[in-house]
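We begin with a single chain expressed as C-alpha cells, specifically the form predicted on its own.
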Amino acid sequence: MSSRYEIRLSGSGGQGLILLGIILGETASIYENKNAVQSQSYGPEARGGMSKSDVIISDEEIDYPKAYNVDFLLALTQQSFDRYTREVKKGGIVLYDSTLVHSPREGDYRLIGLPLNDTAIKDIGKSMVINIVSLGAIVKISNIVTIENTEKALLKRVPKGTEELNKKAFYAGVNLAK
C-alpha cells in the first residue's frame, strides 16, 4: 500500500454510504492498526440527494482528511459517476453499479461494473443493503483491508438482529467481485 489510499463512496442519500465509510474506517483503524479517517457530505435534501463519504487509509499520519487524488471510487448513481470520476487518479479503480449507472465513461482508470443493486434486491431481498453488498465488493477488489476483519467491524456496527442479513449481503458482494 502506498502511504495514503483514498476511497470515495458516492451515490444518493439513503443508500448507506456513511455507514459503509464508517465500517471501512473502523476496519482499518481498529482491526488492522492503520490510520484512517472518514468524512461525509450530502445535499440538504438528504434522502435522494447527492451523498458521498471519503475514507483515507494510511500506514502514516494523515494530514488532510478529504480525498483529492482518489484511488478507488464507488459510484452508485449516474450523477455521482459523472461528478466524481474526474477526481480518480490515473490507474485508480472505478466501481459502479451497472444497474443504476447507464452511461459509464472510460478513462485513465480501471472501470468495473457490477449489479450491486440487483444483487441486494434479488439475492438478499432488500435494496437497503446495497451499501453492504458494495462493501464486500470494495474489500475484495481493493484488498485494502481483509475480508475477515471487515466482517468483524460490520457485525459490531449493524443493528442488533440484522447481523445475518448483513453478513449475507457482505459475502454476496465479495462473491460478485471474484
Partner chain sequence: MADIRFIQGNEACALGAIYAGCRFFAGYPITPSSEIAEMLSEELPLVDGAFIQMEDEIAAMAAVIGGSLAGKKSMTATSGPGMSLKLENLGYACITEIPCVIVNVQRGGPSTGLPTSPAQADIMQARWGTHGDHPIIAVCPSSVSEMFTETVRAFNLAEMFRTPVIVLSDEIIGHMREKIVIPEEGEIPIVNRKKPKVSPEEYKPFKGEEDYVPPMAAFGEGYRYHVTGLSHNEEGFPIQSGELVHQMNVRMHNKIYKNLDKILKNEVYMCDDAEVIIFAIGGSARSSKGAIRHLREEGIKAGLFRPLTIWPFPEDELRRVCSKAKNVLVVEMNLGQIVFEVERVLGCTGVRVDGLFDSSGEPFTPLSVANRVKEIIKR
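Residue numbers count along the first chain shown, from 1. The model shown is predicted, which means the values in this text are computed figures rather than measured ones.
What comes next is about the form predicted in complex with the partner chain, which is not displayed.
Listed residue that, although the partner chain is not shown, lies within 4.5 Å of it in the predicted complex (heavy atoms), from Thr150, Gln38, Ser51, Asn117: So the residue touching the partner chain in the predicted complex, by this definition, is Gln38.
Evaluate Pro65 for contact with the partner chain in the predicted complex, applying a 4.5 angstroms cut-off between non-hydrogen atoms, and reply yes or no. Flag for Pro65 set to yes.
So in the predicted complex, does Gly25 come within 4.5 Å of the partner chain, heavy atom to heavy atom? Yes, contact at 4.5 Å.
Considering non-hydrogen atoms and a 4.5 Å limit, does the partner chain approach Ser29 in the predicted complex? Close contact exists here: in the predicted complex, Ser29 approaches the partner chain to within 4.5 Å, heavy atoms only.
Within 4.5 Å, heavy atoms only: does Ile18 come near the partner chain in the predicted complex? Ile18: yes, in contact with the partner chain in the predicted complex.
Work out which of the listed stretches, 123 to 131, 138 to 146, 56 to 64, 108 to 116, brings a heavy atom within 4.5 angstroms of the partner chain in the predicted complex. Going by heavy atoms within 4.5 Å, the stretch is 56 to 64.
Taking only heavy atoms into account, state which residues of 85 to 117 are within 4.5 Å of the partner chain in the predicted complex, ordered by sequence. Heavy-atom contacts within 4.5 Å come from no residue here.
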